[in-house]
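One chain is shown next in structure tokens, namely the form predicted on its own.
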């Protein structure tokens, strides 16, 4: 019986490496991490790029997982499974944070809210399950965009729809924000979709570390943000803990 194919093993190792980190990696970083010659790593990366399993940032020359691979990674995961495995953690997050919790997945160039836990107080609230949110103006959407789980419509030009004066209204502004999301590991929206409202979100990962959804907190800006207009660190900590817990439920490793 024939043994394993070395080039495929190496390609799989590169994909796992890119999936495990929150940021893009350069050729030298990939080669050094896996003990490969740069020429070997470059050849494999070029092949993976050709089949859209890997994307190369033209500005930095660094690599990240491609849209085709991410689509394959999410196709196995039924939305109902994502929701069912998240419910307990979402309920606990709402209780601990005192804020509303939403779970989102991509659908036809938008974010579909598949689960919503009300803020645990007596205020009047509207159920958002089934709502479609804009990718570029919501924290849930920014997470999905940043990790390649969703993409803007192909016809999208340099100008994006502005919902408020705070909306990121150009693709250039959005690209900068998404790079920050990958660096931080979470996304924020501060009065970008609706004045007076804010939200933060973190990625949910499945097998192989692929991002399959996003979980977020939302509410009045004065509750989500501090006096300087920045998301409260305590909420970010609770949010990321919940995202990791759901990810473990879905088979993700440590990240």
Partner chain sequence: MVERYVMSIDQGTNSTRCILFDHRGRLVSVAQHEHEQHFPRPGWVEHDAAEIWHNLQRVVPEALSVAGVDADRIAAVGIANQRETTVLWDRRTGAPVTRAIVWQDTRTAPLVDELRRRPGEEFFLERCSLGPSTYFSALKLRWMLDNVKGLKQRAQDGEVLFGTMESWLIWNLTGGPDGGLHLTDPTNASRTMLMNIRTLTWDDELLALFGVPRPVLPEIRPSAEPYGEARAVLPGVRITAALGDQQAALFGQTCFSPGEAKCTYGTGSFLLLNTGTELVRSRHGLLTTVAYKIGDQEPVYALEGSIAVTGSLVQWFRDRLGLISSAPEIETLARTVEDNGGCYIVPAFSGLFAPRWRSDARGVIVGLTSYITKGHLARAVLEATGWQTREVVDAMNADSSVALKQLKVDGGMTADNLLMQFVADVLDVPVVRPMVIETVSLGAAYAAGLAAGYWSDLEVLRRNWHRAGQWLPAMDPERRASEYENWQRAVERSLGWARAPRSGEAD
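Numbering follows the first chain given and starts at 1. These figures come from a predicted structure and were not determined experimentally. Between two forms, the rigid core is defined as the largest C-alpha subset superposing within 1.5 Å.
Here the subject shifts to the form predicted together with its partner chain, a form of this protein not shown in this document.
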When its partner chain is placed as it is in the predicted complex, are 112, 153 and 168 each within 4.5 Å of it, taking any non-hydrogen atom of the residue?
no
Hey, in the predicted complex, is residue 92 touching its partner chain, heavy atoms inside 4.5 Å?
yes
I'd like to know whether residue 181 contacts its partner chain in the predicted complex, with contact meaning heavy atoms within 4.5 angstroms.
no
Residue 81 within 4.5 Å of its partner chain in the predicted complex, heavy atoms
yes
Closest heavy atom of residue 120 to its partner chain in the predicted complex, within 4.5 Å or not?
yes
Just one stretch in 181 to 189, 112 to 120, 168 to 176, 137 to 145 has heavy atoms within 4.5 Å of its partner chain in the predicted complex, so which one is it?
112 to 120
Aligning on the core only, does the CA of residue 52 end up 2 angstroms or more away between this form and the one not shown?
yes
Is the C-alpha displacement of residue 123 equal to or greater than 2 Å between this form and the one not shown once the rigid core has been superposed?
yes
Are residue 52 and residue 108 closer or farther apart at their Cα atoms in the predicted complex than shown, with the shift being 3 Å or more?
farther
Since the Cα-Cα distance for residue 52 and residue 140 shifts by 3 angstroms or more in the predicted complex, is it a contraction (closer) or an expansion (farther)?
farther
